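Below you will find one chain, with nothing else, as structure tokens; this is the form predicted on its own, and questions on how it binds or moves follow later.
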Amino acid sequence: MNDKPGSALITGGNGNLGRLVADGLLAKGQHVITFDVPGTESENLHDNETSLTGDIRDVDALKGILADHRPGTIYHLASLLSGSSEEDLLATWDINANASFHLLNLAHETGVGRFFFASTVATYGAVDSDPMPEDFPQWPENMYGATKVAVERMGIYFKARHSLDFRCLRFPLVVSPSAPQGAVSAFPSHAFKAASRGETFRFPVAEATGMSTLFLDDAIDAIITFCAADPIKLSRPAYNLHGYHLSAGMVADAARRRFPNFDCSFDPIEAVEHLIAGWPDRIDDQAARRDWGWQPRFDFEKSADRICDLLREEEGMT
């Protein structure tokens, strides 16, 4: 096992999720190595942080990073997102699946103690049970979900065959003030941002359409808490999370209450409507609550308050 158990390598470490996971680990005194594509580097690095850039598909580069820094834990967050994944299927498989396999194998070969993988409810197809049971069959309907479930299975293989401490969380829709444009499920975040800027917004789904949701701060807390959990208490390698249900109409109403001039319409895009409508409104996450104390802090109203406060600060509003 590696000799730096307190260090962590975060792939996609400069992204929306990765940067906040890095900050959370740094606050706990861990040394953090972030790895992301060139041009994403942070200008203000923490004293206990190393920033590296490159291509997640470069196996030799990854091998060198693990040899030089010997992290105790890998947080694998690098991935093409749901929207962009359909544009180039070969690149999506290469980045999301092949690169993940190589990183898993390198983690096994170099003695990394723990490997965390961020997965998604997109690993499921249309769900006909609400709340969705924890062991509902995974038959994804898009390339993003297909690559994620493939990595889940590879991670479970390395856990079973090579004793790699592989851990995985499947996230529902995540509401964030800085949600990337390429995420199909990010329309609530984009709607709040449009409202804060006084812009018109067109929802890509019907007013009643929604799904299981989590606020960004809870997602970060879940990753850090889960990875610190005693392995003896974990009954499974992969857990589903649920915070609350929201619909597009709920988002519109909440945005109008906080930004009274918000103008929006509902103009469903068939592919997006089919995808979101097929995902569950609620997810059974009792295993996470029982095994490692998962408990979300944010309901929908608290999430709306928080994201709007952050967006007002971003826009220089009082």
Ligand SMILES: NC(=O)c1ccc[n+]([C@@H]2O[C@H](COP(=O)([O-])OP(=O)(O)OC[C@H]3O[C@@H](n4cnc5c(N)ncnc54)[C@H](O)[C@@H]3O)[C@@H](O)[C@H]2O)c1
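This is a predicted model, so every value here is computed, not measured. So that there is no doubt, residue numbering starts at 1 and follows the sequence shown.
There is another form of this protein, the form predicted together with the ligand, and it is not shown here; the text below is about that form.
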Indicate whether the candidate residues Ala97, Gln138 and Glu152 are all in contact with the ligand in the predicted complex, with contact defined as any heavy atom within 4.5 Å. no
Is the gap between Asp263 and the ligand in the predicted complex 4.5 Å or less for some heavy atom pair? no
Could you tell me if Arg57 has a non-hydrogen atom within 4.5 Å of the ligand in the predicted complex? yes
Wondering, does Ser119 line up within 4.5 Å of the ligand in the predicted complex on heavy atoms? yes
Mark Gly243 yes when one of its heavy atoms lies within 4.5 Å of a heavy atom of the ligand in the predicted complex, and no otherwise. no
Heavy atom within 4.5 Å of the ligand in the predicted complex, from candidates Tyr75, Tyr144, Phe166, Phe192, belongs to Tyr144
Under a 4.5 angstroms heavy atom criterion, identify the one residue in Gly111, Pro131, Pro180, Gly83 near the ligand in the predicted complex. Pro180
When the ligand is placed as it is in the predicted complex, which of 33-41, 65-73, 289-297, 264-272 ends up with heavy atoms within 4.5 Å of it? 33-41
Within 4.5 Å of the ligand in the predicted complex: residues from 11-27 (heavy atom criterion): Gly12, Asn14, Gly15, Asn16, Leu17, Gly18
